[in-house]
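Quick heads-up: it's one chain on its own, the form predicted on its own, in structure tokens.
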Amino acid sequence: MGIEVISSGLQTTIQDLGRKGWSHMGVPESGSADKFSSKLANFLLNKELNSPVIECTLTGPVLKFLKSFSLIITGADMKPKINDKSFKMNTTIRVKINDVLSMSNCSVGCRTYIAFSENLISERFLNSASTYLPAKLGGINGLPLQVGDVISTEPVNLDAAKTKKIDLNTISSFTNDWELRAMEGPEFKFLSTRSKKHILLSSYTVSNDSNRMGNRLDGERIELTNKDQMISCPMNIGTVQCPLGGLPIILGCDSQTLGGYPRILQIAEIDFPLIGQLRPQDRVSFKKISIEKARTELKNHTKLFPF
């Protein structure tokens, strides 16, 4: 016994950092859509960064605690309360038996992460607890949390003497107007001269038809000079595809590993967490970055979690 689901929220799942190294077998990485916020929650609790957390989407759950432990909430602010009393994000809270965590909706960002001082017990597949909804793998029966579910937890050794610190002022604030750093994709050359300029100068709107697999964008259509059918090619998180209709798709953590649409841009890995925070009607623009600069930025970013 550990946590009872009183209300499930819009789409609440158990996630960790995913299943890296299996894309050649057609298995998506999955895991937390915003892995930075997921790691931050575990980091602030002195836990392994890959420990399972609860991911909430747009509207959070109501959870009743069947034992005492500590928790912390990161990511989008869903106005969390314990027994109807508000508390701050990114702050460790101690809860007691029968305490109730309630969460509302967020207006900026899309996903929130709840980490606990005890480990969440869930199903594992390929050494990951991440819930992959299309194939019903991991988590609790491979599904979003349901009313009445009880998530078991188990104690974990936390070394309080090694409390870790992070400057929360260095964390980018969420917005409804995102700039994603990107490099030219393998098929960028398929774009017309006008569209090559347009895609890096204009903004798009995130469509309602978006999820963990990808974010469809609305805006001025991209012109393709080569409309021949492509042989399916490898895809990755952050790949920006352009279907024949001309409206780009930003692939997310649950995306397919192969695809047949032109890969016109590749978002830099440092901005992968931002993809997980895109919400319908947000505005998105792309800023060109070199591979060398992207690598440097990523290396500097990883130093935020000193171990």
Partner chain sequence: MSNLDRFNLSDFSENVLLIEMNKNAKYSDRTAVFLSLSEYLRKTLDSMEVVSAEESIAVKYNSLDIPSTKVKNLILDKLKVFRYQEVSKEKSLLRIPVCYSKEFGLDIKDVASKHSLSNQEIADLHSGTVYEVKMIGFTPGFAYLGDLAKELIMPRLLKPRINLLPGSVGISGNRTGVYTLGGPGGWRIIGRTPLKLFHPDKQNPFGISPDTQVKFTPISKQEYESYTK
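Computed from a predicted structure; not experimentally measured. Residue numbers count along the first chain shown, from 1.
What comes next is about the form predicted in complex with its partner chain, which is not displayed.
The closest non-hydrogen atom of I291 lies within 4.5 Å of its partner chain in the model of the complex. By the criterion of a heavy atom within 4.5 Å, E48 is excluded from the residues contacting its partner chain in the model of the complex. When its partner chain is considered in the model of the complex, T257 lines it closely, a heavy atom lying within 4.5 Å.
In the model of the complex, at least one heavy atom of S232 sits within 4.5 Å of a heavy atom of its partner chain. Contact with its partner chain in the model of the complex, defined as any heavy atom within 4.5 Å, is confined among 73 to 81, 132 to 140, 89 to 97, 204 to 212 to 132 to 140. Site annotation in the model of the complex: the residue of I275, I249, A268, L40 reaching within 4.5 Å of its partner chain with a heavy atom is A268.
Among the residues V62, L66, L58, V27, the one placing a heavy atom within 4.5 Å of its partner chain in the model of the complex is V27. The putative spot formed by K35, Q281 and R283 is not touched by its partner chain in the model of the complex; no residue has a non-hydrogen atom within 4.5 angstroms of it.
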